[in-house]
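Taking the form predicted on its own, here's one chain by itself in structure tokens.
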């Protein structure tokens, strides 16, 4: 019953907030409904009628967002390792927020995959015992296992840590430390397995590269910490949970190094494909310079390169990196740049030209864009609610002894109030 009361009391925090909070929630809720409308339309008329996807380009903006969000989820390890392994106290103060971001990103990954399924009603075909997961022969099965396991770990660990804080006890390392080690392993795994999902396609030379996995990790460890820098600053301003400058500085340094490595690996692939000029370079030729008059992605990829180069310059200069304005600009440029490069710039060219040499270009339909906006809004809502439940416990405002001092019968009465609210 103690645990149930803890969850009920924590959930009540979602309903407490001022005008700014409810305006933010209402806006995200509206966008989520727009996304739901677009998805219902897609479900009714079929993906081939509502999207620009087809036989030649079956993966589009949904998978592009999925590839990007996997990186955001994996980046939580950049807080987990220094906090739990090296016991850096400043990082420990915000590590749970990093795990909340990771859990939210995992849920968004699953939603993007569900949106990309032409027949979601057949999802049960891969469920163990009911259907057939095809593990370990299928790379898709590996992706399903690692993402769901990582999501579960990122829900269990922060919940246990928050519950012990609420109870006024120190968390037991024998319970959480093995789970932390597992979460580090799975953080690396979700991105590596996703990269292998692409690179295992022998008939797609654009993806069939041994450095695709390291490229995925480097881009994840640059875009993920950049995402966290922006979110942690918002939390620092809008709540009583204070984020020390040392945390932001550490994340900024990680972002700078990872982005440098990411651009180096991109340059290595660029040289390998263009120096030999074989037929295998057709996809990268299409991406960067166009092919036979088809050049939809050319402006996008050069914009991404320009954004990433500008960001890496700002982040590599110590004075600029330590200036909050320039740091935030660099993070925004980097996030957009990596989203284009790793999303649309990676997924789409893999199908162009097709193995038969056909060139069919792809651009997302208005319904695909609507579904993506809706999923991002749902992710925003999930993170907002989880953060609303987490912050009071983190700052010590929500503790069992404080509730008991105010009301000796808080357990029974507050449970009754929660049930009334639910009714």
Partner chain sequence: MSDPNEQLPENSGSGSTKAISRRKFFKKASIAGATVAATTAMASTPVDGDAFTDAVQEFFQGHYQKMTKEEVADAIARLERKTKRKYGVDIQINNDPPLEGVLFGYALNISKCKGYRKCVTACMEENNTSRALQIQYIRVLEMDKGSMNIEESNHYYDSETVPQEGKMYLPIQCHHCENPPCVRACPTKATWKEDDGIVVIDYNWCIGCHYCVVACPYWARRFNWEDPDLPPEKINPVTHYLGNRPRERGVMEKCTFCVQRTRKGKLPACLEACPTGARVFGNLLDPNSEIRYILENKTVFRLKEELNTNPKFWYYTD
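Model, not experiment: these values are computed from the prediction. Numbering follows the first chain given and starts at 1.
Separately, the form predicted in complex with its partner chain exists; it is not shown, and the next lines address it.
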query	finding
Complete contact of 46, 133 and 197 with its partner chain in the predicted complex (any heavy atom, 4.5 Å)	yes
Per-stretch contact check against its partner chain in the predicted complex, the hit in 321 to 329, 147 to 155, 345 to 353, 210 to 218 (non-hydrogen atom, 4.5 angstroms)	345 to 353
Proximity of residue 385 to its partner chain in the predicted complex, heavy atoms at 4.5 Å	no
Any non-hydrogen atom of residue 170 within 4.5 angstroms of its partner chain in the predicted complex	no
4.5 Å heavy atom contact, residue 360 and its partner chain in the predicted complex	yes
Partner contact for residue 290 in the predicted complex: its partner chain, 4.5 angstroms, heavy atom	no
Among the candidates 246, 294, 92, 240, the residue which, in the predicted complex, approaches its partner chain to within 4.5 Å (heavy atoms)	294
Selected contact from 53, 391, 38, 377, since only one has a non-hydrogen atom within 4.5 angstroms of its partner chain in the predicted complex	53
Interface residues of 110 to 128 toward its partner chain, as seen in the predicted complex [heavy atoms, 4.5 Å]	116, 117, 118, 119, 121, 122, 124, 125, 126
